[in-house]
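Take a look at this single chain in structure tokens; it is the form predicted on its own.
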Amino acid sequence: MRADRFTGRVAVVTGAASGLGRATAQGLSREGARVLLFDRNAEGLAVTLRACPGAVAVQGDVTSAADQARLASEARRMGPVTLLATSAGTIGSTVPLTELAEEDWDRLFDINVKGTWLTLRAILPLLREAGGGAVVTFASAAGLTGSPALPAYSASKAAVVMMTRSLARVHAGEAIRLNCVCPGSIDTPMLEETFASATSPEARLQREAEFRARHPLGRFGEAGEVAASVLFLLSDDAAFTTGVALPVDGGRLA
């Protein structure tokens, strides 16, 4: 990381209260950006805010158009916005697809797909006003290949991949780049949620072993490793890169 890569830039980060969103926000702040943090978790948001000097926090839900409008209004007050990372997401239920309740399906797609769309709808006009910028959405390795354990989650993240690629073509002429990261199993609260839902301690250990075995590097990733890839895609170092779905997955898709 370089201390000055984002000096003078304003960045919006959703899902900033924990995990990949917090790591991304901290990385942007360390490299000079002024960061606008967005999340519905007030306690976690406050922790991230303390770790990002000069940052501003807006509490809200990515699935709410009204909350997204408040986010856009605050972003406009902060100055020209040229960077966006949409990390808010959920892994959802781990039950088989044929047993998944309709409301659980709807909640998963509301957060992962609708939430990403609403954020893009709210913030992309600000990047256009600024004369260009860069966006990184958060998909998953499970959005690039089938996931027997998480078929609904896989479907939602595949939707994020194709939305990002489509918009990369739409906005290329406006000097706005859109890419997405596709993490494997990363040591975050979301991964812990998946393991905690196991029906017994033995089932949890088996699930952990199965998830770890998918990665040829033999371990789970760290949030900072994903954030480093996000910052690269947001930076001018990736000035000729758009429409990419970048696996950060320990070799899972190799």
Ligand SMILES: NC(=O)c1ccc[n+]([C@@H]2O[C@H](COP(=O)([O-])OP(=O)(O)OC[C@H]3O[C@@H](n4cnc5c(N)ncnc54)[C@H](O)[C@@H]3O)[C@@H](O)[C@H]2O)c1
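Please read these numbers as outputs of a predicted model, since none were measured by experiment. Residue indices: 1-based, along the sequence shown.
Just so it is clear, the following notes concern the form predicted in complex with the ligand, a form of the same protein that is not shown.
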Handout entry: Of Ile111, Leu124, Ala134, Ala75, the one that lies within 4.5 Å of the ligand in the predicted complex (heavy atoms)
Key = Ile111
Fill in the blank from the handout: Checking Ala152, Ala88, Val81, Leu118 against the ligand in the predicted complex, the residue with a non-hydrogen atom inside 4.5 angstroms turns out to be Ala88
Handout entry: Any non-hydrogen atom of Glu31 within 4.5 angstroms of the ligand in the predicted complex
Key = no
Problem - Partner proximity in the predicted complex: Val12 to the ligand, non-hydrogen atom cutoff 4.5 Å - result: no
Problem - Ala55 within 4.5 Å of the ligand in the predicted complex, heavy atoms - result: no
Problem - Partner proximity in the predicted complex: Leu178 to the ligand, non-hydrogen atom cutoff 4.5 Å - result: no
Handout entry: Residues of 40 to 63 having any heavy atom within 4.5 Å of the ligand in the predicted complex, listed in sequence order
Key = Arg40, Asn41, Gly60, Asp61, Val62, Thr63
